[in-house]
Structure formats: C-alpha cells, structure tokens
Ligand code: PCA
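Only one chain comes next, encoded as structure tokens, the form predicted on its own.
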C-alpha cells in the first residue's frame, strides 16, 4: 500500500484572487518525501464545509501524516502552529458569507488541541534550508484554526496518524501595493514546506529547542 502525506490548502478569500497555501500544496502534489507520496487537497474557505471535506480526504487517503496549510497576511515567516483552540470568532465573513462569533467548534470539546507534528524540528529544518520560519502560538480564530481544531479532534481516534497546521506569508504579487506587507516568493515557500514535511516524517519526537514567545 502506498504511504501518503495529505497536504491541504485553501481557496482564495478576503478579496484575494490567489492563496499561497493551495499553490504550494498543488506544487508538491505527487512528490515523494521520505517514503511517502504527497497528495494535495484544496479546501473551501468555509466554516464547517472545510472540516467535512478534510475529514473525507483523510478517510479516502488514509495518510500517515496530515499538514494543513493556510495564508496569514502580515507574517514574514512560515509558521507551524503549536495549538488549535475551540472557538470560531470571525473578523470577516467566509466565502459562503458566514461570520460566526464566539462559537465552539465542537460543543463540549476540549478547549484546545496541540499539534502532533514536531513543530520545532520543522522550523529548524526550514531555517537550515534558508527559509524564514518560526513556531506560532496561535492559529487565529478564522477558518484556519477551525480546520486545525477539527483535524486534531478527528485524529484523537486515529493515533497512528499525525497532523498539524502551518501558516504561510503572502506572495509578492499579493503584497504589491500594500506598503509594509511582508511576503515570500512561491518557490521559497514550496522549498520550506518540502523540508518541513521531511522533518515531520523523520522526527516522531520533537527537538528540545527554544520556540516560545514573550507576551
């Protein structure tokens, strides 16, 4: 049986016409990393539907590892997320017009789930490859966090599958005309995700390195 890595990205949202998360996932589709083949899946930027489609993809692909990608305007680094929280609180509407406020993602679910990917090892590998990277302590409260929490809630019963989420900066063409907005070229983002996946496959136990935040 073919071993698979499920790599997801989102549709464009918030007035953008592209989303680096899907372009990166699409670029890596079919690559072999370690001994596993990357399978890319595009998710809608829609509360509920995104998690449902991810759950269906996990059931269909039976991956050994799942990494969901999302866009984070304002970030200058590739940022593996440490924790997902059980709240939807949308500053803008999703692509279906929904804007949930202060809603639990899973009623009576845990307050949070931690990633089961080695986030510090992934950051170290990306930095060694010359890609700006850092551990993030928050995935926000929009569809990215919604998917991340839903993924980890699902994987609590699939202990052989590890999963997590990583945010990506804007692409230069998205940042053009937006003074002070950081960005990274697509090729550098693809390279970063590639080495991050390789590190995730190689390290079942994370590295004991600094990766915390002040304040």
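Numbering follows the first chain given and starts at 1. These numbers come from a predicted model, not from an experiment.
Keep in mind that the form predicted together with this ligand is missing from the display, and what follows is about it.
- With the partner omitted here, the stretch from 67-75, 105-113, 129-137, 82-90 that lies within 4.5 Å of this ligand by heavy atoms in the predicted bound form is 67-75.
- This ligand is not drawn, but in the predicted bound form it has no heavy atom within 4.5 Å of residue 151.
- Mapping the unseen interface onto this chain, residue 45 counts among the residues with a heavy atom inside 4.5 Å of this ligand in the predicted bound form.
- Residue contact check for residue 143: one or more of its heavy atoms lie within 4.5 Å of this ligand in the predicted bound form.
- Although this ligand is not shown here, in the predicted bound form the stretch 3-38 places heavy atoms of 10, 13, 19, 21 within 4.5 Å of it, in sequence order.
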